[in-house]
Structure formats: C-alpha cells, structure tokens
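This document opens with one chain alone, in structure tokens, the form predicted alone.
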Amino acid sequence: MRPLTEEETRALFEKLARYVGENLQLLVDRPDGAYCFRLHRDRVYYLSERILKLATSIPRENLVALGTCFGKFTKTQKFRLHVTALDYLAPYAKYKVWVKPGAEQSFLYGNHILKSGLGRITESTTQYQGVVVYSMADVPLGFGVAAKSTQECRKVDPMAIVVFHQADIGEYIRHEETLT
C-alpha cells in the first residue's frame, strides 16, 4: 500500500466532493481518530492510521485488502467509485434522492430512476450533481448522478430519467466475485 500521488488524490477528492461537498473534510478528520486513503493494486482503500501502522509488517505481495475499498482507478487514471463506499458517503451526502417502494427493485437491478419512481429530491439539486439514493424508509440504496435539476424534475413527463445509476447495494450479489 502506498500513499496516493497528487493527481490521484485530486481525482479521488473531486469524485467524492460531487457526493459529499464540503463534508469531505469530515471523512479524513474523524472524532475517533485520523483516517487516510491508500492505493493498493489500483484500488483506493479508506482506513484508520492506527490500522495502517499495524499493516506495515505484512509484505505487499501477501496483502489482499485493508480497510474499506472506496473505488479504483481505471487504465486511463479516472476514479470509479464502488458501492462499498456507500456507508461512508451516505451520512455526509449533500444531495439526496428518495425512491418509491415500487422503483426500489428496478434501481437495485441496475436501472436508472424514472420520474414516476421518484419520491423526493433534495431542494436545489443541480443537473449532473452526484446524489445518494435512499428508500422512503431512509435506507441508503446506492448513488447516482442527477439527470435533471430539481426544477426540471417538476415539469418532465413520468417516463423521463431523473437519476443516472452509478452503483447500488444489489452489486454485492451481482458482482460478488470482483468486489474486494
């Protein structure tokens, strides 16, 4: 595991800032200790510095994973966020979308959210803003990108896409062999 380079850190923080905004600082400086991001085999892990110090005794080739995988860097050095980061992003999310019970299953199968399945949306959400998707019972289901702003959502027809799917908790089952 190695620290992220300046370009990797910028790409990671830009992606995370789309979802949590200025709450990004709360991920690193937590009341229960300092946390950091480390890169291991193109995957970015989020872990406490205390665990990081303990892991220095493990050789790199024997290390499979450490901490929580937040995502990975593609071959073109773009950062792709994984659903495993949802538990850490959801409490700090700036923009949220709630889906109706009938649309939950469709979203969990990897489909976009239509206007007909939209329950609520955070006020002042802009177009192409990162949003965390919740059920009506406030259970985080995944995250996506707003296809329409809050104002546009009020006027569009029921079959229009309002949130583009990025990741959901159904991926644990659909892609369990590749998630680490």
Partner chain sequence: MGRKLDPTQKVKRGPGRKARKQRGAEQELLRFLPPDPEDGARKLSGHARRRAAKRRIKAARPPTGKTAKVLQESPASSTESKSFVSFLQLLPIERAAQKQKRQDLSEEDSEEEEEDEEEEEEKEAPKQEETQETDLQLNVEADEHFVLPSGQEIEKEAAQPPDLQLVHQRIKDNIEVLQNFGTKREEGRSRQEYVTLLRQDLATYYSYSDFLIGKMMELFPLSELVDFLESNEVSRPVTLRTNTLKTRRRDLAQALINRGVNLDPLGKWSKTGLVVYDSSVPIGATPEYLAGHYMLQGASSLLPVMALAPQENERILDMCCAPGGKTSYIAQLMKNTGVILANDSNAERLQSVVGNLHRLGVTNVVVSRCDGRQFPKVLGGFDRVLLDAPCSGTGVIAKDPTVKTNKDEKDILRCAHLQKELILSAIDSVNAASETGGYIVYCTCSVTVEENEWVVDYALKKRNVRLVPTGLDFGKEGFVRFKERRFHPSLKSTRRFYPHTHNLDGFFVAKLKKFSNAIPVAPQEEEPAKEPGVPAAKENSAPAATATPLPTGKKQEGLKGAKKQTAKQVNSASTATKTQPQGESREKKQKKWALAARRGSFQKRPRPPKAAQPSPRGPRAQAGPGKKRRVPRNRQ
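Note that the structure is predicted; figures quoted are calculated from it, not measured. Positions refer to the first chain, counted from 1.
A second form of this protein, the form predicted in complex with the partner chain, is not displayed here; the remarks below concern that form.
Put simply, of T68, T126, N111, S116 only one has a heavy atom within 4.5 Å of the partner chain in the predicted complex, and it is T68. Proximity to the partner chain in the predicted complex, defined as a heavy atom within 4.5 Å, holds among A147, A55, L27, L39 only for A55. In the predicted complex, at least one heavy atom of Q105 sits within 4.5 Å of the partner chain.
At least one heavy atom of E177 is located within 4.5 Å of the partner chain in the predicted complex.
In the predicted complex, the partner chain sits within 4.5 Å of a heavy atom belonging to I51. In the predicted complex, the partner chain stays beyond 4.5 Å of every heavy atom belonging to A34. Taking the partner chain as it sits in the predicted complex, the stretch 131-160 comes within 4.5 angstroms of it through a non-hydrogen atom at just one residue, V139.
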